[in-house]
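Next up is one chain by itself, shown in structure tokens, the form predicted on its own.
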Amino acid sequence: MSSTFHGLQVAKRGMDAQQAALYTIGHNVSNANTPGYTRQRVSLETFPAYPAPGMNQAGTAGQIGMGVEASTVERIRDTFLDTQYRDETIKVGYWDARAGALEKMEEIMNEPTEDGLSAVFNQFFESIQDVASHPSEAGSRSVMIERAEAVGNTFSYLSTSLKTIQGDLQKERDVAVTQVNSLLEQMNNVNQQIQNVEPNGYLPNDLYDERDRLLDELSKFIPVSVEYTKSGENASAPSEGVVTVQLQTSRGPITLLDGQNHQVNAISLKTNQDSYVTEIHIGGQSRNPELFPQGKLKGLIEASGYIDSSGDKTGVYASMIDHLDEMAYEFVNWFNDKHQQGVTLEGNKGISFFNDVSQKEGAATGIVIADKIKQNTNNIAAASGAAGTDRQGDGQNAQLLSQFRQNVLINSGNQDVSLDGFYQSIIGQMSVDAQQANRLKSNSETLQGAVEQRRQSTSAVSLDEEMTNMIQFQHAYNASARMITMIDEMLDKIVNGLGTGGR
């Protein structure tokens, strides 16, 4: 038989359970604007009915209800949406890094404008035409030298600026590696805290939120997969356990964080003397940068430059710097060769117009007009024919030099193209790459935003919903309190109202 005070206990349990639900709503409302917070709900369960199965009782559940209890406080989260969000975040990180690098490159190359290399070449070409038309005029020769200096300065400016941005990207790449390793260490610490709490039967929801926030942050840099392992046999059923994080590569996964053993395998980059990445080391394994999976880190490595499996330098900025060096090398050597075949105004054999450039690497920063040309404009070999005779009025060699844009041939894609064609092709390729990076970045951001919206509709705090639930639980609490009042009146009747006859 149940106790006289049975009803009081049932009502008390009701008040306790509704109170726990109201406290959880208060926690949700307080964190409505907290980044990474997941709304929580109290799981209400029926308290075991009376009488409970036992040695002296029936083996089945009782018939008299004992009220309600708040069993657990759980997060409302969809892991499938988390996986989708992180997949899209990887793409956003990669294309954002490439788009940012190409945007800076477009600003430096500044084409097509009146200040770009193409415009400077046009002005130089026009100045040589003027010398060809008026070979004896000192003014035309002086302008030609000034225009040639502008070509050299523009080559040097472009190459130096590209190298500066490349250096900045290399620093950003190294910072990204540090951030990845820091995120793994933080995740390892959270894992250990979760493993200490869960065996006591609790759900560390706020620690789960922090770990998911770190996983979201990590997925900007590298693609990872997550495996969950229970903390122990005493952990409650809804507990998530510790996570093991693996990097997905084309040659199989590599463990970055071993959740059970609390071990972090940090990422490190091996670089050469020019800070180009040659290998990527992770926990005793190495990968060629070419095979490293997509993400912001891969985007930064590709932008700043790396050594591919063939041993060649490659990358967005490395390629453009090499192309400028090749253009400068071919231009200077061709122009000097043709200039040496001409004759000066005083009838002497032509000399090198520019200082000789012996190698392609660094040629763009080494275009300098020869001192003898700058000191005496008459040394410009505008004339042709035999030396030793007066060449006043002869501009035939200048006419040949003015055609250098079509005559200088550079190998591009297993075929020889003119200087103009080569420059147009690298500028065109840069524009196509930038458009592609911006388009794919925009597409990825759109998909990421759509997934994030669905994720927020599940996990974020809705103040309207919380207010509605608050009213619901508040009335349930009041009803339980009213139940206690009713039982109190009933007991008062029993204690003070019965057996009063004869008083």
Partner chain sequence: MQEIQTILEKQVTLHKSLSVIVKGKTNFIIKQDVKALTASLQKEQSHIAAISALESKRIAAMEKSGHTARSIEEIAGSFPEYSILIPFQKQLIDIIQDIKYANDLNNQLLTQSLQLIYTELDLLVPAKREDSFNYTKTKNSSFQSNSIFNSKV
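Computed from a predicted structure; not experimentally measured. Positions refer to the first chain, counted from 1.
The same protein also has a form predicted together with the partner chain, omitted here; what follows describes it.
- Where, among 157-165, 74-82, 127-135, 313-321, do residues come within 4.5 Å of the partner chain in the predicted complex by heavy atom distance? That would be stretch 74-82.
- N443, A450 and Q453 all contacting the partner chain in the predicted complex, non-hydrogen atom within 4.5 Å: Per the other structure, all of N443, A450 and Q453 touch the partner chain.
- Query: Is E88 close enough to touch the partner chain in the predicted complex, meaning at least one heavy atom pair within 4.5 Å?
  - Reply: So E88 counts as contacting the partner chain.
- Message: Under a 4.5 Å heavy atom criterion, is H475 part of the interface with the partner chain in the predicted complex?
- Response: Judged by the heavy-atom cut-off of 4.5 Å, H475 is well away from the partner chain in the predicted complex.
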